[in-house]
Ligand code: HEC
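Read the single chain below, which is given as C-alpha cells and is the form predicted alone.
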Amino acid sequence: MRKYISVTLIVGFVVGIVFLSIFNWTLTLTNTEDFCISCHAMKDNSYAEFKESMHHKNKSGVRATCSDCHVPKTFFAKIKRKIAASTEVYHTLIGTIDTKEKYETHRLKMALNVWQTMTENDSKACRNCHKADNMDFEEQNKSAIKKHIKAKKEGITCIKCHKGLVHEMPEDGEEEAEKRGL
C-alpha cells in the first residue's frame, strides 16, 4: 500500500510538472507579437497603426510589443486577461471583425473596453515602462511639463490624456470616453 501511494505521488508530481510546463509554454506563446498578428484583422488594423507609432520605432530604440500593453504582468491578472481574450478569438473566428469595415464598426467598443481597463488599473501597462518620477521634465515642452505635473499631483491616469497615441482614435471616441468618465 505504501509503495502504491509513493508511485501515485511520483506520477502525480511528474504529470503536474508536465501540465505546468505546457501551460507556461502556452502563456508564453500567446504573448508573442507573431501570435497577436496571426489574425489578419489585428495585422491589417491595430498592428499597422502600432507600426506607425513611437512605441514601435523611436530614437531610443526601446520598443513595446502587443503584450506589453495588453497583457498584465502578474499571474492572476494575466490569466483573467487570457480568459477575456478568448472572446476576442471567438469573434475573430466567427468573422465579427474580419474586414476593415467590420473592424471600424467595432473600433469604438474595443477602444472603450481597453480605456475602461486602463482607467481602472491606473494605466498599469503604461507605468510598467514610463515612471513619472523618472521623467526628465527639461526634455519636455512647456505644455507637457504642466500637464504631467498636474496629472501626477491630481492622480490623473495616463490614458485620460493619451488616447489615440498608439492606435487611431475611433470616431466619436473622445465624446464617448468623456461621457463615461474615461
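Computed from a prediction, not measured in an experiment: that's the story for all the values here. In this text, residue numbers run from 1 along the sequence as written.
Just so it is clear, the following notes concern the form predicted together with heme C, a form of the same protein that is not shown.
Although the partner is absent from this view, V15 stays clear of heme C in the model of the complex, with no non-hydrogen atom inside 4.5 angstroms. The closest heavy atom approach of N141 to heme C in the model of the complex falls within 4.5 Å. Heme C in the model of the complex comes within 4.5 Å of a heavy atom belonging to S38.
Put simply, R81 is close to heme C in the model of the complex: some heavy atom of it is within 4.5 Å.
Within 4.5 angstroms of heme C in the model of the complex, the stretch 78-93 places a non-hydrogen atom from each of R81, T87, E88, V89, H91, T92, taken in sequence order.
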